[in-house]
Every structure is written in structure tokens, then in C-alpha cells.
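Read the single chain below, which is given as C-alpha cells and is the form predicted on its own.
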Amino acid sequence: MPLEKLNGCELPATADFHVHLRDAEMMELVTPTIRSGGANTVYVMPNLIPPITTVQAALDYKDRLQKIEPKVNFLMSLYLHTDITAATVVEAKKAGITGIKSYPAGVTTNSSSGVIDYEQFFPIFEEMEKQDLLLNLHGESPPTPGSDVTVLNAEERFLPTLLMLHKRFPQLRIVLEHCTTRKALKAVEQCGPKVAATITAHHLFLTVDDVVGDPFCYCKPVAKTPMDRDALLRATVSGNPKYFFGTDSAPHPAIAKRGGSDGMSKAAAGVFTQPYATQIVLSALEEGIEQGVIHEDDVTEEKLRHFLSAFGRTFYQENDKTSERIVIRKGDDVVTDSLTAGAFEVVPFRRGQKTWSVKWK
């Protein structure tokens, strides 16, 4: 059986450097599932309605989250917006805000206030470089009238923007979020040590064929080709510190994933992996071994520790002060069909399928 050697292995707590925890009733439902996925540190996305564009709003949001789950370290971010000034960046650094997230306008959930022209934010990036505040990039180019940009090439079309920003601000720490293609990985490798990338759990499983016909596998950026998926698997076990874990776990009410109450709307973009974050990675690596994409010898305790925890914590300069540990086991755990709160349900990725278990030591 693949990865039997890791059955019962003890690892540091996972650090998830890209999560969506929403607000209000949804926040109350999904926030308690963080530790179920083996994580005790999460980097929280700011695309609420309205978006988090002030330091006080970020701190208030963090307070709401910590009241729900005090055993998780919530790292907070701001939403790149014209309301943000250089003074905001200085204030954010002093307040312990971790970074600023850039969403190209209209490419994903709650991104209508996103970036159209990156050049107008150059003064902000310059101050972020001075203050050592991270820039997190949703790396897709938005479609425009007359262009041939689609969900399948939007990430590739964005890569020149990444390279331009890194060249102009070489000391700015940049994370290219949720990479889905071989070309994105190569672009990150072309950059210096200040540029890194997150890889999600679900993109280690999915290809575009999985997305077609299954709204619960639909996210932005969409999964790409089998060759792209295989490249992500290899990057995960490469031991390259440029690659670390960020689930992009994005819960939506199941009704929104199915096209709304009348079934006539577009499916909401987002895959919910939070309760099984670590477990899904292990299952994906098992499948990668079975398919011959990676070898069992590629998956070691050291490489899991690096990808799931150490590399991201180092890049984010965020040590785990708790020294908490998890134990991973092969078994008969099954991904739950849904989580419910009030009138809505949320469906996890790989519902009904067997998975690994995670226990806190």
C-alpha cells in the first residue's frame, strides 16, 4: 500500500497560507473545522463584502475569528484597493498585518473591486517593500472585450505581470497563489528567493475534465491538464522551498454551487477542503504514486514537514510558538457529505471518499 511507511507518523502542525473563512453564519460554520484538517496557523483572505481595506477592519475580523477558535493563529491580510495608501501599509505593519492580497478585477469570488491597472499601485508596492509586507497575487488576467483570455489561459497570461513586479520590486516578498500550471511553476523558479508559490490540496487531484459537470470541483483558477496536475505533484515533493501549502479552501452554500435556488445562475467558484486539508494532500500523493507520477521514495517525513509547514512558515517569517504536533494515520475515515448551519449546507471536496486521519498529539 502506498505510504504505509508514514502510517502513524508525527508531524508539526500544518500551516495553511491561503484560506477563506467568510463572515457571519458561514464563518461560524467553517472556522471550527480548521484544526480538523491538522492546521493551527492560517492566512486569511480579505475578500469579504465589503472587502477588508483598513487595518481596523482586519483586526476586528481577526477578533471575530479568534472568539470562535482561540487555538488557531490567524494571520490577516488587506485587500488591494484604491483606498489603501502608503500610510495604510505602515499602519498595517505596526499592527501585525501580514500582507496585502491582489485580485484582478472580476476574476473570482468578491473581486469586483479588484485591480485593473497595477502601475497605479506602484507607490503602495514600494512602501510594502520597505515595510517587508507580503504581496499575495491571484495570478489570473481578467478577460476583456475582444481578447482571447479564457479560464484555461488566464494564469499563463498573468505571468508577465508577476515577472514585471518582481523585477521592479526585487525585495518585495511575493506569493503567486494557487498555481495550476507547469508554466506558473517555471515562472516562480525564474524569480529570486523573494518569490514563492502556494499549491492547493484539490489541484493535486483535479484536471479540467473533473471540473466539467461537477460544480463542487469548480474553482478559480480552474484545474488544467493532467500534465499540469502532475507537475504540481512533483513540485509538492521536490523539496524546493519556493513551494508550500495554501488550500484556497473556499466554502459556498451548496445551493450556490448548484446554480442558485432556480438552478439558472452560474455556479460559485470555490472548493471547500478545510476540514481535511492535510488528509487530502496525503491522499493525492498516494494517488500520484499509484499512477506513477511520483515515486514512493519521493514522499518522506521531511518533505511533508517542509511542504505542509516549514517552508511556508519560513517565507512568512511566522514560527509556530506552540510546537503542536499531529499524527497521521491510514484508515477508514470518510469525508463527510456535508456540513450544515441553519438553512444552508456546505459540501466538502471528495465527499463520501476514504481519507487519512489526523489526530492532535
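Counting begins at 1, following the sequence as shown. None of the values given here were measured: they were computed from a predicted structure.
The discussion below concerns the form predicted together with a further copy of the same chain, not included here.
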All of F216, M227 and D337 within 4.5 Å of a further copy of the same chain in the predicted bound form, heavy atom check: yes
Interface segment, criterion being heavy atoms within 4.5 Å of a further copy of the same chain in the predicted bound form, picked from 117-125, 168-176, 235-243, 258-266: 258-266
Touches a further copy of the same chain in the predicted bound form: V208 (any heavy atom, 4.5 Å): yes
Contact flag, P253 vs a further copy of the same chain in the predicted bound form, heavy atom cut 4.5 Å: no
Distance check, A105 to a further copy of the same chain in the predicted bound form, heavy atom within 4.5 Å: no
4.5 Å heavy atom contact, A86 and a further copy of the same chain in the predicted bound form: no
In the predicted bound form, the one of L159, V90, L152, C191 near a further copy of the same chain [non-hydrogen atom within 4.5 angstroms]: L152
